[in-house]
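Next up is one chain by itself, shown in structure tokens, the form predicted alone.
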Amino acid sequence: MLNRVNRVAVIGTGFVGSSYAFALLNQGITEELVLIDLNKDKAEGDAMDLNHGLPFAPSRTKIWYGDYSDCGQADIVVITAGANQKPGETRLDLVEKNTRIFKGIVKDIMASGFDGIFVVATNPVDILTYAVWKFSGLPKERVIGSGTILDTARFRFLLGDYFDVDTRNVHAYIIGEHGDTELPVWSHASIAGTSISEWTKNKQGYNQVELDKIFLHVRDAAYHIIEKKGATFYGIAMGLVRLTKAILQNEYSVLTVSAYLDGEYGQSDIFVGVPAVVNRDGIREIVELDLSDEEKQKFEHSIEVLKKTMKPVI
């Protein structure tokens, strides 16, 4: 008889953490879900609220609020805690305060005996994923940031909307920093096996100027959403659930996550958003895209900015 069940621990039950827990429950991805937050009343309230939805859930899930000791038996610890991005503030502005917060969080998690996979969502996600790897001492394959998973989703949605095609049939990537220096990989963007450049040539009314505007909407989406509602959380929560599913169900799926580069793309000692194969062990391998010269330059610039920003704090 199989007694082992999957357990996911969520650190931080703010907008992102609670949205992630709600989406996770609705999709029936894990058997156990523990919510951990400094604000114990908030975590307890969320656990109660989620439990009341169990009669409508696709599968049984044990949900409770707990503490860091509950991470010892967790398969995945998802960190969404930390200071939020404020209007007018970039993701990189958060680096110092959130690195400081993360040092204590990771120390407490590792003291529980945790030996699973870390998923990091807090911004600046690439730098904080590197910090979790350093603080935890876990293998690089088992520390994963949400990276450009949301940016890629935004990109696919807007391209699908522009071409009037189901977004699930649009294949395109945003790579680099999850932030202002990210870049679209136009050289590998396609719909139904046909490159985006061919679509713009063969159909009237489409042009590269409009496509470039689409990327700007992708890059700046968080600023616009934060200005209108204070924070972004539904999209990233869905992205985190997709990543969790890929891990727990051993999918070998390709997702644009923040992964450690050790020579790939000619870069090393950095976590950054790139396509990677994800399975039950974490990152199986980095997918190296054959970038155009312009894309290579932009990717290198993105990494230079990340390294310069993280140098004083890690």
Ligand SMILES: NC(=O)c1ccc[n+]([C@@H]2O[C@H](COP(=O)([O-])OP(=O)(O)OC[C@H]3O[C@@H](n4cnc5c(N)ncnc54)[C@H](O)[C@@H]3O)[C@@H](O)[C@H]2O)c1
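One rule holds for the numbers: they count along the sequence shown, beginning at 1. This is a predicted model, so every value here is computed, not measured.
The same protein also exists as the form predicted in complex with this ligand; that form is not shown, yet it is the one meant from here on.
None of the heavy atoms of Ile117 is located within 4.5 Å of this ligand in the model of the complex. A residue is said to contact a partner when one of its heavy atoms sits within 4.5 Å of a partner heavy atom; Thr13 meets this definition for this ligand in the model of the complex. Though the partner is left out of this view, Ala231 does reach within 4.5 Å of this ligand in the model of the complex, counting heavy atoms only.
Although the partner is absent here, Ile144 sits far enough away that none of its heavy atoms falls within 4.5 Å of this ligand in the model of the complex. The contact with this ligand in the model of the complex, taken as any heavy atom within 4.5 Å, belongs to Ala83 out of Ala111, Ala83, Ile214, Ile225. For the options Asn51, Asn39, Asn26, Ser69, the one in contact with this ligand in the model of the complex, meaning a heavy atom within 4.5 Å, is Asn39.
Taken together, the three residues Ala121, Val125 and Ile236 all come within 4.5 Å of this ligand in the model of the complex, as judged by their closest heavy atom. Contact with this ligand, judged by heavy atoms within 4.5 Å in the model of the complex, is confined among 198-206, 93-101, 180-188, 131-139 to 93-101.
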